[in-house]
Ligand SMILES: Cc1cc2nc3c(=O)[nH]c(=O)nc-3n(C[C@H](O)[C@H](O)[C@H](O)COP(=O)(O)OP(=O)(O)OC[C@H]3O[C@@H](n4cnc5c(N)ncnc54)[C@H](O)[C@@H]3O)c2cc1C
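Only one chain is shown below, in structure tokens, and it's the form predicted alone.
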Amino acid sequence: MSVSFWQDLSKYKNQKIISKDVIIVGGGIAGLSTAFWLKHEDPSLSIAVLEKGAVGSGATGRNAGFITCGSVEHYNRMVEKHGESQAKEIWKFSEENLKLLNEYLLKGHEGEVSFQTQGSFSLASTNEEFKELKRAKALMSSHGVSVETLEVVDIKKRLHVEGFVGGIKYCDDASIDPIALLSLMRKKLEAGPSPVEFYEHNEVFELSSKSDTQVVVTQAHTFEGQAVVLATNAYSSLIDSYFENKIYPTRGQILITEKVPLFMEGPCYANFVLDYFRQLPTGEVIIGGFRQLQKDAEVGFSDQTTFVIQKALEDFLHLHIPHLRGKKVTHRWSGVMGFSADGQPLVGSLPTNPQVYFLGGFTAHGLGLAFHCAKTLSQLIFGQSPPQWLSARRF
């Protein structure tokens, strides 16, 4: 985080210190989810959420709105990497994430946040990938995960896309408007006798401690609290060097088309989950991915778009989706995500200061993992250890 001397309004001595029980740095899905679960554990807690821009201006407001179960890899690769027992545990953790969102936030508000439970599809463009998807499907079915196989005729009929030899459908996945989700969460957090307070446009540039008190300095205020939560994901290493070899900033690029009549059954992944697209309830089609074309350039904190990847996204739509040929692209953007060193998120506290907690490293699955990760972090703050595969102590 970088604030110039001229931007630092906190240097004026007449500014009062804002005291809270917990100070959360980061106004995305991870930060708001942490505030939610802390208030769920103890409604009397005073909490401040700090955000360097507007709430949702980071990766949460720049993704494609997929709420998918699992991890960054096909299930068979998860089993090969982690073993059957842990792979199943990781998958069930993400399934629980969606159940918790439904139970505590979304029920009765589905239309307000464009929440849809249409499942998601993984599509294979080669016979070799289709064979791997079938292996994944067999393993998942044996572990009680609801999956179905699609042949070419099914793909054309249900998705109206071309150029794929087969695929599988994860029946329990969902999609959402991520900014509308944050707005719903914020309304809940700001209600009640002890509302969470939001401080937007407060970029953090100093984190320290004095005795048992944590001090957070932003460009506008100085905050003090008993605990700090870093919900900063990709930007965590800018606050503390502890994260430098654990969470890596990785850019993802996206575009969206003009509205067309609805034709697609549900969200889709292709090319071993590297590329992804879906049709919104209002008719627009959104697509992201193709980081593999400029892998080195897509690492870092820049959120610019590039011609090579944007062209690849547009070419993909024209090649594989006849309904979109000749249609206008209305928006192009990118977002910086936090990829962890082993593909799984981190929950923990800093070894040098156990009163500074954190969660992050969602590896492009923030909507599918952050709400449950925040619940786990809240439990850690109140004395319950997270599972080993999720604990930052594994590094």
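A residue's number is simply how far along the shown sequence it sits, counting from 1. Here the structure is a predicted model, which is why all the values come from computation and not from measurement.
One more form of this protein exists, namely the form predicted together with the ligand; it is left out here, but the text below deals with it.
Peer 1: Using a 4.5 Å heavy atom cut-off, state whether K39 contacts the ligand in the predicted complex.
Peer 2: K39: no, not in contact with the ligand in the predicted complex.
Peer 1: With heavy atoms only and a cut-off of 4.5 Å, decide whether F66 touches the ligand in the predicted complex.
Peer 2: Heavy-atom contact with the ligand at 4.5 Å: present for F66.
Peer 1: So in the predicted complex, does any heavy atom of V356 sit within 4.5 Å of the ligand?
Peer 2: Close contact is absent here: in the predicted complex, V356 is far from the ligand, nothing within 4.5 Å, heavy atoms only.
Peer 1: Classify G368 as contacting or not contacting the ligand in the predicted complex by the rule of any non-hydrogen atom within 4.5 angstroms, answering yes or no.
Peer 2: Within the cut-off, so yes.
Peer 1: Residues in which of 322 to 330, 348 to 356, 40 to 48, 335 to 343 have heavy atoms within 4.5 Å of the ligand in the predicted complex?
Peer 2: Only one stretch qualifies here: 335 to 343.
Peer 1: Using a 4.5 Å heavy atom cut-off, are S94, L98 and C373 all in contact with the ligand in the predicted complex?
Peer 2: No, the candidate spot makes no contact with the ligand.
Peer 1: Going through 222 to 243 from first to last, which residues have a non-hydrogen atom within 4.5 Å of the ligand in the predicted complex?
Peer 2: Result: A231, T232, N233, Y235, I239.
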